[in-house]
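Have a look below at one chain only, the form predicted on its own, in structure tokens format.
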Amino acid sequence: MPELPEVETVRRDIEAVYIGDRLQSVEVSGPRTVRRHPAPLLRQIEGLVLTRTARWGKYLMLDWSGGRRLVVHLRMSGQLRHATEGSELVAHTHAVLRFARAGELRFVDPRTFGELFIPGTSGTPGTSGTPGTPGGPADAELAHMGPDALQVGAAHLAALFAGHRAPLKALLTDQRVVAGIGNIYADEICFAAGVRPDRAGRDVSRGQVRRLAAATLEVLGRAIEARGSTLADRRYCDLYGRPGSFQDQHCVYARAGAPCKTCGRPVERAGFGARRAYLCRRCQR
């Protein structure tokens, strides 16, 4: 479930606590957590200092002295949690990074879809480059990713949508097209832009593309300020186990039957192909 705002919240939390601290040890108890390569390879970062954090879409990158990088993908239920050394492990803790001063950084993942990996060790040659260019992150394992959603302007979106018959929501949530947007924020962005999520990409007008680009920055920015969205399943929390609050600002997502906050018409949950989306048919065209 964690999308760009949730991952960015966790990234900022980690940066505030662990930057400049030395990693003493890594312990992995969940084999699926390191399924890209053998667990002992994570020991490559033992003894190194965390120098930088970065994010591309829903991927979190932890950069270490010596040019090493650890990539974290939370996927559906993954959490990164701060803990004091020796404190009781919560259920579904699959990896523990123990730092010299800041305590432990624990990876908790009930559904085990999340993962940790070191680029260049999973069978594909890679480098620990720095994300931030329009081409995406330099790590070979992430080369399939589209531009980060916070870096996409109207011209880029227009080029991405051009000629596509796929529905707008399918394009917005395709990480090869735009990185970082999932079901929650695709619906909220479409509503904020006044565009139907089932409109074909090729049928989105120039004016609608401009509104979508502006809505992407506005919605994601507000969600980051609110420290993300925590839904009823409570799968997302920040580094300290606290929920986000942007769910209180949702205009359409998970609000089927509730009145639209703009016009009062009931919000609908509509299906198109294998996709589902929440929308207001009066406010979105």
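Note that residue numbering begins at 1 and tracks the sequence as displayed. Keep in mind the model is a prediction, meaning the values are calculated, not measured.
Below, we refer to the form predicted in complex with the DNA, which is not included among the displayed structures.
Residues within 4.5 angstroms of the DNA in the predicted complex, judged by any non-hydrogen atom, belong to 30 to 38 and to none of the other stretches in 30 to 38, 44 to 52, 214 to 222, 238 to 246. At a distance threshold of 4.5 angstroms between non-hydrogen atoms, residue 1 is in contact with the DNA in the predicted complex.
Using a 4.5 Å cutoff between non-hydrogen atoms, residue 205 does not count as a contact of the DNA in the predicted complex.
The DNA in the predicted complex comes within 4.5 Å of no heavy atom belonging to residue 89.
Shown alone here, residue 73 lies within 4.5 Å of the DNA in the predicted complex, counting heavy atoms only. Though the DNA is absent from this view, in the predicted complex it lies within 4.5 Å of a heavy atom of just one residue from 250, 58, 227, 69, which is 58.
Out of the listed residues 269, 22, 265, 12, 269 is the one that sits within 4.5 Å of the DNA in the predicted complex by at least one heavy atom. In the predicted complex, the residues of 180 to 194 lying within 4.5 Å of the DNA by at least one heavy atom are, in order, 182, 183.
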